[in-house]
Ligand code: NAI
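What follows is one chain in structure tokens, specifically the form predicted alone.
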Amino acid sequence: MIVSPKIRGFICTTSHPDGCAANVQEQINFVKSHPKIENGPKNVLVIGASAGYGLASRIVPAFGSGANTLGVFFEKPGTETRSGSAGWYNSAAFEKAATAEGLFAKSLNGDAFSHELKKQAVDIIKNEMGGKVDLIVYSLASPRRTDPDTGEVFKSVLKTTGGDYTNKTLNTDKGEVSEVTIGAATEEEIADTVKVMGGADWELWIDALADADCLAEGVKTVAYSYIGPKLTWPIYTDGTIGCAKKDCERASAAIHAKLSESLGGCAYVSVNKALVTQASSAIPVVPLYISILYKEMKAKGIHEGCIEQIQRLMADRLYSGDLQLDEDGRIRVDDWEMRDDVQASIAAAWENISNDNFNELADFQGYRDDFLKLFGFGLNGVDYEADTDTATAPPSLAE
């Protein structure tokens, strides 16, 4: 069938298999253009592996270190009459490319919070990956979580924790600057958001792997976070999401203590750059900030996407012997975003931006291009007028 983008708010309800494959191949080509990662990982588990930072976290070790990978995600398969989700097609393209180079690549599609999926992952690691993994990336983004023991469902919210907050935002449908007011969360909503997006499930994954003796000596694990500038703090760092990210830091310290003592391993939170992802597109205020950020970083020649960020994280931090931790023990690959000169330029633009000068001060076209690219649209070399196979699937998940 012929697939065109259908956008509703911050979601595109269609995705293009060939475009997603082209997007994956672009990222593979980028990694291959760099030297191999010295002493890089060999058996990798990525939890939340199908898009954005998680997908990049699968591509970099596979094509930069020759690693075998197991990816866990929750995506919608396509059929002959309806397109699947972009992550489904991303994973199909990744598996095919990795297998063509003789790498083990398998995927699990389901509820990563469940005990059952953890057991399935353990079985694959034991029976098909030599028994142990040496890198676990936790990059899960979900609006809800079912507690695997009680069955209770928790839902996350995008709210402040300190009263109503009003600031500029971007209407991404119209490309217009407007104002938005975000309400304050209740204590229950804060706790529920931490349950969904905090570090508890990361700990459960590490415990499940440890109990099954699936962790290699010197194992590393990393989860992703964001801090950003003060203008986004009320909705992010000091908001409900920030509470969850602080809990990830708590979990990181606990996991690090266990792994370092038992296996000489380590656990870190990596603070990454603000980028257009399916998760960030949903957060008020953030899309306008990202549009201005893109303008400034591109002008200074330091703009990065997900694949560039994860290449730098793994090659220059995790496996270089030079982690460059901040005072709170976090890896910082948001360092270029947070440079004083970049943030000073953004602050000045933010103060003055309006619909009259929006296109001068922000890179909305770059934002929209990256947004569409998430779903496989706007890629060079793809014939969007031709029929495409919407029923394509990751080989390991094909029926």
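Residues carry their position along the shown sequence, with the first being 1. In this text the structure is predicted, and so the values were computed from the model without any measurement.
The form predicted together with this ligand is left out here; the points below concern that form.
Distance criterion of 4.5 Å from any heavy atom to this ligand in the predicted bound form singles out 140 from the list 140, 92, 121, 314.
Between the options 197, 235, 206, 292, the residue in contact with this ligand in the predicted bound form by a heavy atom within 4.5 angstroms is 197. No member of the trio 65, 265 and 319 reaches this ligand in the predicted bound form with any non-hydrogen atom inside 4.5 Å. This ligand in the predicted bound form comes within 4.5 Å of a heavy atom belonging to residue 111.
This ligand in the predicted bound form comes within 4.5 Å of no heavy atom belonging to residue 221. Although the partner is absent from this view, residue 275 contacts this ligand in the predicted bound form, with a non-hydrogen atom inside 4.5 angstroms. Among residues of the shown chain, residue 161 is not one whose heavy atoms approach this ligand to within 4.5 Å in the predicted bound form. Note that among 357-365, 41-49, 24-32, 338-346, the stretch whose heavy atoms approach this ligand to within 4.5 Å in the predicted bound form is 41-49. In the predicted bound form, this ligand lies within 4.5 angstroms of at least one heavy atom of each of the following residues of 74-100: 74, 75, in sequence order.
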